[in-house]
Ligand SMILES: C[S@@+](CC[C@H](N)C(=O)[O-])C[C@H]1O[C@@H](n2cnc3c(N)ncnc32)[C@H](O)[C@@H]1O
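Read the single chain below, which is given as structure tokens and is the form predicted on its own.
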Amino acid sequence: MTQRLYNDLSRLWPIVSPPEEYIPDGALFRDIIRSRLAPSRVTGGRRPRLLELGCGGGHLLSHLTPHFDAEAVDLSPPMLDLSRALNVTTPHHQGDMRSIRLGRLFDVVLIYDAVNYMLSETDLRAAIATAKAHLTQGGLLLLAPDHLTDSFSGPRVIDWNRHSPNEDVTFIEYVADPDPDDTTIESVFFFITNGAGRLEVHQDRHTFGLFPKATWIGLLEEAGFTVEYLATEGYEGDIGGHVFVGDLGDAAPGAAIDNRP
């Protein structure tokens, strides 16, 4: 079974990637939204409406719900269960970000690192179309891929240890690009768990999409967004540090803004 972390190993998610580690990213996305979403687009004194596609266990979402009227979508029932337990007042929906339609509009659509699972331009175009279908005119789309073709180099190995009252976990990830001619990279996860008097090793495998910055910008512009690229702080193993902001406002599409330092 692939993507076991989102299925039979979902209990490990709050241990290896706890909610408190998302505090900086929660603040980052709040600041991006506040500085770019015009107050006139949010009428009647209400809070902005936010939809997260691919919410996972809801750890990032938990730092956004105090500031937005949020809803969440994910494909994995176990991950939705984790997110519902953490974000108890937030409506959750099971569905695929490439095809789901909720029939409601939001001021912001966020696709965090779940956008990594778009493996082709067709997938990515469909996810962008879903986001646009849920946005008000003048709304914002935020995409945060872990890797860009422009800067990816491999293979890489990262590891860390996490502790919980009932189980300790060592996480090891190996990521590489076996075929540089396609649009994917491969990642192998190892979880070494120590709990209830048992030491176990679990293996998991994930495939991620890998696209150049120009592809992200081009597909967003094709969908009618004005695009801004933000270079942000990445994580260990040269992961992250990329945010694409698509504005569905009055400005004509086609003018990408690159805000690298």
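Note that residue numbering follows the sequence shown and begins at 1. Predicted, not measured: the structure shown is a model, and the values here were computed from it.
The following text describes the form predicted together with this ligand, which does not appear among the structures shown.
- Residue heavy atoms within 4.5 Å of this ligand in the predicted bound form occur in exactly one stretch of 215 to 223, 190 to 198, 52 to 60, 23 to 31, and that stretch is 52 to 60.
- Proximity to this ligand in the predicted bound form, defined as a heavy atom within 4.5 Å, holds among R98, K132, R162, R156 only for R98.
- For the options E173, D113, D177, D168, the residue carrying a heavy atom within 4.5 angstroms of this ligand in the predicted bound form is D113.
- Using a 4.5 angstroms limit between non-hydrogen atoms, F152 is distant from this ligand in the predicted bound form.
- For L75, a non-hydrogen atom is located within 4.5 Å of this ligand in the predicted bound form, even though that partner is not displayed.
- L124 falls outside the set of residues with a heavy atom inside 4.5 Å of this ligand in the predicted bound form.
- Remark: M79 counts among the residues lining this ligand in the predicted bound form, judged by a heavy atom distance of 4.5 Å or less.
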